[in-house]
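Next up: a single chain in structure tokens, the form predicted alone.
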């Protein structure tokens, strides 16, 4: 089953936010995340809030069919919440439709969601609008319809080019489907990103090299590469516990990360976040950069998380409970928390150090820290950048040990 929601304080049924959260609304980039929780099958490693259609039982087709209306209903609620008093909903700079498999919905439904955001809030000039997609749900006609409807970018779940690795991950697509999906998206004029996973049990270093080479041969704009994490409660975790497959190995994953960075950099893609490489700054995923920089976003859909002005909240997880809250005229939020100044500082360090720009040493959350010299000596932080530019940036070794860097910076 999907991972549990965190604890928190009760969220008001109206969704109303404290005045302090709205005070700076519009001074920071604003994003909208739309969570589509449906999948054809549930992959064994996945602990996202997703549901294979058979899990929803009889009537699931009706749930999927009415889902867009439910998301639009939450966007109506959001527009009202962000219009409290003198405030107005800011124009949306980025939209990210994730899941699940958003492209299980007809392209016309995804376009209707983008149009709904534009009508309620307005899209900023040059807004980035991304949808995730599984390669076997992509068609040329669908990609064209999305592009004509305002989608600018597609993120394809490639994961691997090696059949036995895909089998272990319980991915259902044929590796050849990735090339067809990239061609369809390219033909529609969309930017294309590929998501890869490394460290799968049984994946050799040559298997991983093959996946990287295959991705680069498709000449995409962006690559994300994530180490496999065995999450509690997943089928993969049960297989590891029973000894059916080996647990991922830290040294193996480190070697594969170093290989990814070397191959992607040589091909002209530059890292801009620990797990992400882009061909140019324009090709970076601006929506995700907003998360890492502490921007504001509204997350709509079952289990979606939101953040506005230091207030974070999360929706109920199950599609049925989500629909029932909205039908009753209530916010679907399950709980929320108001972050303290210390929590916001810690998160700024936790997320900001992962970016290629790093964090300033003389102002902001790192001002006065006494840990930098030791991090430079240990090869985790770029010395010239820290001493000359007064900017903390991770080295390659620091990227491998980013959590260690954060712990030392925060004491």
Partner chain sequence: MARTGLPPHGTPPDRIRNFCIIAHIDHGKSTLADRMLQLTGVVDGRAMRAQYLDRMDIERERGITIKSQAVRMPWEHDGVTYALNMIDTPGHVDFTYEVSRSLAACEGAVLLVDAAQGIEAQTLANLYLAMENDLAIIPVLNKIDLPAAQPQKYAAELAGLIGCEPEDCLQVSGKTGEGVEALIAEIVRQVPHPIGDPTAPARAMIFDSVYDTYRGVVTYVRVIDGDLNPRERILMMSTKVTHELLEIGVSSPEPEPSKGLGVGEVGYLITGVKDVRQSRVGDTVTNASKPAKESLGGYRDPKPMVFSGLYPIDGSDYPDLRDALDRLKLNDAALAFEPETSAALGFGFRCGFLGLLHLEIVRERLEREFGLDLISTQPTVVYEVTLEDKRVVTVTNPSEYPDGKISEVREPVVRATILAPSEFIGAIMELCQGKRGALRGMDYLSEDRVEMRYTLPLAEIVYDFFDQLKSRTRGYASLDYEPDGDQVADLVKVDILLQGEQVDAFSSIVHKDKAYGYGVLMAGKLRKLIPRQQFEVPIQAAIGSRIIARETIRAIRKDVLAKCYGGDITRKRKLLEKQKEGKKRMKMVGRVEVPQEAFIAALSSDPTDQKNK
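Here the structure is a predicted model, which is why all the values come from computation and not from measurement. Residue numbers count along the first chain shown, from 1.
The protein also exists as the form predicted together with the partner chain; that form is not presented, and the subsequent description refers to it.
Heavy atoms within 4.5 Å of the partner chain in the model of the complex belong, among the stretches 120 to 128, 291 to 299, 239 to 247, 173 to 181, to residues of 291 to 299. Taken together, 275, 314 and 403 are fully in contact with the partner chain in the model of the complex: each brings a heavy atom within 4.5 Å. Contact between residue 357 and the partner chain in the model of the complex is not found at the 4.5 Å heavy atom cutoff.
Contact between residue 32 and the partner chain in the model of the complex is not found at the 4.5 Å heavy atom cutoff.
In the model of the complex, residue 251 approaches the partner chain with a heavy atom inside 4.5 Å. The closest heavy atom approach of residue 397 to the partner chain in the model of the complex falls within 4.5 Å. With the partner removed from view, the residue among 255, 262, 216, 140 that has a non-hydrogen atom within 4.5 Å of the partner chain in the model of the complex turns out to be 255. Shown without its partner, the chain has 337, 339, 343, 346, 347, 350, 351, 354 in segment 326 to 354 as residues with a non-hydrogen atom within 4.5 angstroms of the partner chain in the model of the complex.
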